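In the block that follows, a single chain appears as structure tokens, in the form predicted on its own.
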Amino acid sequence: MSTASRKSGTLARSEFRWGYGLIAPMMIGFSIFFLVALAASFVISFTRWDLLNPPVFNGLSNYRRIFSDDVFRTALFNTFAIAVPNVILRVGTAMGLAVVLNSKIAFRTFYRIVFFLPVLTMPVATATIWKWIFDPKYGPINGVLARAGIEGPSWLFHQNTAVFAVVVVLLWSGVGYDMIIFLAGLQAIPRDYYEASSLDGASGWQQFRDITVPLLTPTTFFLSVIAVIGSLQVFDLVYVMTRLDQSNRLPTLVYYIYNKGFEEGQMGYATAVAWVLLGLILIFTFFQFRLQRRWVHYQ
């Protein structure tokens, strides 16, 4: 072996060691605070634990209890009642805003900033403000309705109107993020496609349908996956907005986990519910990745 080859091999091994040395602190932290905690939570899900006494193994009792629990089914229903409209409206609205704000309109930079600002607002602050806006006595929404001779509902006290209110706030606070991602996707589409279609006499709608939408499918797929995962884990808005008179009017799965684990001290059962939620997220993500082969176009 030549001297140059030996030096090259030594340099490669040195870089290899330095690379692993630099990522070691992050990997150690990841292992301790995520992988170990994940494994511990899986073990805890098979126990009865009240946080004060040592966990007691109880087999599959927690999982059998989940599927016979009416409150769990209500929380599951509420979660999907929020997730389905939120995903559809959020992705659709964000795409529409991105298309409009990618065109040559006046003050488009200002509008982009305005729509993105809610993303920077803390969720608890957002929920507190919107809770006042939806207040049946003092909120501006019912105030405007009263001036029009319409008696406004108690938005956050009833399931149907509470779902509507939470979805509105989720859209307001999250659509700006998706809009920015769609804008990046739109700016990556070559202008040559639009120029060529214009020469062929394609209208603006035809360009949107045949060029914009197909070439944005990778972005749409990414945002739909993120939206589904986020919607199934919604907690802070629900906790602040719909917790009235010391009770929650719209319990979701994550709120149910919090309630059982930290308020009622049933940590083993709450952990089992968390694993069921993780399973649901993995199932939906798996099907999204399988179905993306049929409608996502990368070229």
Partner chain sequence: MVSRKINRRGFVQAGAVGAAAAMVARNSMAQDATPDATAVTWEPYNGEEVTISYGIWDSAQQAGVEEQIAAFKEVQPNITVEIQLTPWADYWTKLQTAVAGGEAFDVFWLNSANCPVYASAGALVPLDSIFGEGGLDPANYPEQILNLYSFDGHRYGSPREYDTIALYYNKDIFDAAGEAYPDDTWDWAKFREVAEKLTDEANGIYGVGLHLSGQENYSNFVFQNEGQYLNDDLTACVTADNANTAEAIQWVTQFYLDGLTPGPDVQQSNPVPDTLFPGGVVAMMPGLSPRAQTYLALREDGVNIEVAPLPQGKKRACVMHGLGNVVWSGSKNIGAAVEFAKFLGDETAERLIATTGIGLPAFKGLEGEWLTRLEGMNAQVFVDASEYGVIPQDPTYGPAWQSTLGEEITKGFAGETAIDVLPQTIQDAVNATIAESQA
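Positions refer to the first chain, counted from 1. All values reported here derive from a predicted model rather than from experimental measurement.
Although it is not shown, the form predicted together with its partner chain is what the next lines describe.
By the 4.5 Å heavy atom rule, the three marked residues R64, T126 and A274 all fail to count as contacting its partner chain in the predicted complex. Interface residue among Y193, Y111, F222, F157, judged by heavy atoms within 4.5 Å of its partner chain in the predicted complex: F157.
Contact check for L52: a non-hydrogen atom falls within 4.5 Å of its partner chain in the predicted complex. Among heavy atoms of A39, some come within 4.5 Å of its partner chain in the predicted complex. Put simply, G265 is close to its partner chain in the predicted complex: some heavy atom of it is within 4.5 Å. The closest heavy atom approach of V56 to its partner chain in the predicted complex falls within 4.5 Å. With its partner chain left out of view, the stretch that reaches within 4.5 Å of it through heavy atoms in the predicted complex is, among 115-123, 128-136, 86-94, 99-107, 128-136. For the stretch 200-217, the set of residues having any non-hydrogen atom within 4.5 angstroms of its partner chain in the predicted complex is empty.
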